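Let's start with one chain on its own, the form predicted alone, as structure tokens.
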């Protein structure tokens, strides 16, 4: 465990507490209070991201600490977008998701600043990573709803509505994953001379994309009737996202071009 006794750290912990308070409020039926606490947590996380960016003098999305911090901040805009564009979205889970993402940033991963390597000193760094992280959040939110679908007994009247919600969330996230893959290939050509380098992280990103493409194929072919299968595929996608974020960075089994990002 590593406590962050810095200005960035204090704002992380403030955001974490506000997110948890928002979750409890929403869970207890106090929707207005929950939303106010959630927005306050977002602003605390936003300040933490800004402080980190100022400290390292680049987009704070290089290290795994910065990645989880940035996702913890981005949860609120994603939740707000879902509320504005989707009916009956599972709002209660959002501040809890934000808190779960800030816990690794606040207590697990090292916040030691890292020198930005030449490959990352390019304007594509920010857009490529940001669209991926936003896409991950839609997929994580869909995965949380999918867990509920797997727990619900068969024939539950809420199942059809939640199954549709998973579909809608993945439809929002999948284009972002696709854009991230395209931007990564473009950047790879600029940085390393090839659009595709068979790097472990590239392979995990492709596997993730194929799993979600498989979800859409199964859902369309069965007209959404195989709810448990659809939910299982959505959860498999979340597992591969975690492997892409964690295993592909920390594994020493294979050499990779992305090993600078810890």
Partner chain sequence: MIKLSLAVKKIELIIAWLFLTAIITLAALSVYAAFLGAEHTRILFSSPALQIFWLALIALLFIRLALFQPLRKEPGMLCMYLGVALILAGGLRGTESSLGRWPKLQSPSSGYLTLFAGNVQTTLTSGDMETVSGELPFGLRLESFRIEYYPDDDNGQTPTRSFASEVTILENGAAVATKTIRVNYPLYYKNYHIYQHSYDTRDHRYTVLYVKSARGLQLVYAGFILLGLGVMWWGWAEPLKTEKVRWN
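Computed from a predicted structure; not experimentally measured. Numbering follows the first chain given and starts at 1.
There is another form of this protein, the form predicted together with the partner chain, and it is not shown here; the text below is about that form.
A.B. asks: State yes or no: in the predicted complex, is some non-hydrogen atom of residue 193 no more than 4.5 angstroms from a non-hydrogen atom of the partner chain?
C.D. replies: Residue 193: yes, in contact with the partner chain in the predicted complex.
A.B. asks: Hey, in the predicted complex, does residue 148 get a heavy atom within 4.5 angstroms of the partner chain?
C.D. replies: Heavy-atom contact with the partner chain at 4.5 Å: absent for residue 148.
A.B. asks: Contact with the partner chain in the predicted complex for residue 175, defined as at least one heavy atom pair within 4.5 Å: yes or no?
C.D. replies: Yes - in the predicted complex, heavy atoms of residue 175 and the partner chain come within 4.5 Å of each other.
A.B. asks: Is residue 186 near the partner chain? Define near as a heavy atom within 4.5 Å, in the predicted complex.
C.D. replies: So residue 186 counts as contacting the partner chain.
A.B. asks: Among 67 to 75, 177 to 185, 140 to 148, 99 to 107, mark the stretch whose residues have heavy atoms within 4.5 Å of the partner chain in the predicted complex.
C.D. replies: It is 177 to 185 that comes within 4.5 Å of the partner.
A.B. asks: When you measure heavy atoms, are 30, 43 and 246 every one within 4.5 angstroms of the partner chain in the predicted complex?
C.D. replies: Answer is no for this spot.
A.B. asks: Which residues, if any, of 123 to 142 lie within 4.5 Å of the partner chain in the predicted complex when only heavy atoms count?
C.D. replies: Contacts from 123 to 142: none.
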